[in-house]
Structure formats: C-alpha cells, structure tokens
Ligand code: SIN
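In structure tokens, the next block holds one chain alone, the form predicted on its own.
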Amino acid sequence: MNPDTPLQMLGGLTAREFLRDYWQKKPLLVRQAIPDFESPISPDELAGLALEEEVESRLVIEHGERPWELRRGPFAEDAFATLPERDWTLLVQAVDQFVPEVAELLEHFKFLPKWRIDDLMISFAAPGGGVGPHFDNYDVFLLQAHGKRRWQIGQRCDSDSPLLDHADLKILAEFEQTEEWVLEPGDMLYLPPLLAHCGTAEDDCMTYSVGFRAPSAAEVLTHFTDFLGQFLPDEERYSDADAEPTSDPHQIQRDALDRLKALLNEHMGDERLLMTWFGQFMTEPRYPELVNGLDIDEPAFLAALQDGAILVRNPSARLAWSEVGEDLVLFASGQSRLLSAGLRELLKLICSADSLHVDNLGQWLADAEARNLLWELVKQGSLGFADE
C-alpha cells in the first residue's frame, strides 16, 4: 500500500498524514468513509450470535432503580423478548472471527499493522441505548452500520479519573463535553486513547467498533520477564567479585545498584528474545480454545494439497513475521518458529493470502522446510483445510 495515496476511509487523508496528525493524538470524523454502507449482518443475526456459547457478549441496560445493569452472555433465546423498548445495548465481541463478511471490513485498515488490531465488536442499541461516558486505553474506529448514533467527546482521562460506583462498568462520574456529531451509515469516527466519549442511539442502530491491542507497561514487564526467566540458568545470580571493603555493613552501596542494573541490562536488552516474546504475545488468540489443530501425518497432508485441497487461516488465529538476526521468524497464535531467510516470500504469503493451494504455493511444495512449516501450522490449528 502506498502511504501517500489519499484514502476514502480517512476522508481523503493519506496514511502518512493520518498517522502524523491524528493517530493517538486527536479524533477524526469521516463522513461516508464507506459510501452507501450496508451492514453484512442484521440485528437479528447479531442477537443470534449472542446465544452461542463460544461468543463473548454483553447487555447493558439503563433504568431507574438501578441506573446501569450489565448482563453477560450467552443468552437464552427469549432474553431479548423481555427487554424494554429503549435504553439498552447489546455488545458482541470479535464478530470478525465468526462472520467472514464482517472480517473483510478489516481490509480497509491495512494502513495499520495487522497484528495491532484486536477485534471488531458490533453493538446494537435500542433508542436511547448506550454504555455511558467512558474512555478506552486503546485507539478505536467507530463505523456506523445501521441507524443513527449521537457521539459526544470530552476530556482526556487517566487512571485517576473518577468513576461511578459499579462493579463491572467503568462509567465516568464526570463528563466534560467538547464536541458532538450524529453519525449515519457509512460515517466513521476515530478516537485516540484516553479520550472520554459517549454514544447514544437516536433510533435502532448498529455500530462497528475496531479496537487495537495496546499492552500496558505492566503487562510488558511482567510477561517478558516471565518469558526471559525460562532461558536463564539458576546459577546466574547477583555477584560482587570486585567488591570493596565496606565501612558500614548495613548500608546498600551505589556499586551494588550498578551491578544489579548491569545484570538486568544484559538480559533485558537481548533484542532476539524481546522480539520473540513480543511476536508471541501479540499473536496470542483472543479465544485460544478455537485454534484447534488437525491430527494428520505429513504424507497425507501433502497428498491432500496435491489433490486440490485449499488451506485457509483459522479465523481465530493471528499471524505475523519478522527478522531475527539473519533468520526469519513466523509468529502463529502465540507460538514462534525460526526459519531460514529464503522463506521470506512464503511467510508473506502465509500471513496475507486469503487461501493457500497448489497454484500459489507452487515451488514451495518442493522445499522440505516450507512443506514442514505448512504441515506444522495445520497441526497447530492456525491453518486448516477449507472444507473442515
């Protein structure tokens, strides 16, 4: 993708202009980001997803006695029949993993790294429905899919911003509105992290929300150090072989801190391990239980491909690749595999192609390392046969 090509999705901005001027900085309203947009999923179909055991869903209801109520799915078939005529919202996470036509919409966001995208959530709201004023710790694109929704934006927030007393919902106790828009189908609003916002349905409406993965500093430190610890022998410890005599045996001297920092820097600065951890962490599936491998031996796998079988990515899998020294590494659903530099084009194909088959794999099927990689991805569950 040319970063200097104007994009309809960004209101005529180029990817470079958007990232420079708006990304993680300020909101952007785009009228008709997708002209004449029609939702590939209906409200009834969305409600049907919320009945499924493997689908994460919530109902947020606002009413008098208990101002905000949260119910978690999966829901019974009659759950929606008892809802009031207004002031409620159904939210269904990761619809892109269950509806291919919804997943296709993520192609509009190819100007951003695919591994940064978390999921595409869809909300349906009756008139007056919403989840209250709140803020997110990540970027979000809000695409209006059906009906009208009024969006209000407010102040910058942080972990000290006061919240209402609610066990499950993080609703701001104070909301200082600065701007307001009504979005219609095809309109889109981009919001950077930590910006207060509040969406209210003007009528029956659906909104698509594309959220992004943004690990906290606490997550990075705790997860990486746990990962790093697997590779460090027990005998590698704090040492002070060059210590000087101490005048006060109770004082921790500055030189002890310097040795400790050197010990940490030696390992925390290992870029090879950092990249390996980061790739695995950022490709962990949202629902690991849905990434199930196929028990098949390599000859049977290759025979199936030669007979015309088609491989597709598991909708719940995440794939990415990177360079590690002179080698390449493929990250697949939280796992990594080190590969030779000659497989670069194959890794790009695996991560980007809609399907893999004899026609586009071509010469790779004659390469033992490439064949083994494809077979391992099928056994792991990141790839599967189209008819499975």
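Just so it is clear, the model here is predicted, and its values are computed rather than measured. Numbering starts at 1 and follows the sequence shown.
Another form exists, predicted together with succinic acid; not displayed. Remarks below refer to it.
By the criterion of a heavy atom within 4.5 Å, residue 121 is counted among the residues contacting succinic acid in the predicted complex. Residue 151 belongs to the set of residues with a heavy atom inside 4.5 Å of succinic acid in the predicted complex. Taking the partner from the other structure, succinic acid in the predicted complex has no heavy atom within 4.5 Å of any heavy atom of residue 97. Contact check for residue 142: a non-hydrogen atom falls within 4.5 Å of succinic acid in the predicted complex. Segments offered: 71-79, 159-167, 84-92, 240-248. Contacting succinic acid in the predicted complex at heavy atom distances within 4.5 Å is 84-92. Between the options 313, 213, 197, 146, the residue in contact with succinic acid in the predicted complex by a heavy atom within 4.5 angstroms is 197. For the options 189, 172, 291, 131, the one in contact with succinic acid in the predicted complex, meaning a heavy atom within 4.5 Å, is 131. Contacts between stretch 188-213 and succinic acid, counted in the predicted complex as any heavy atom lying within 4.5 Å, involve 197, 207, 209, listed in sequence order.
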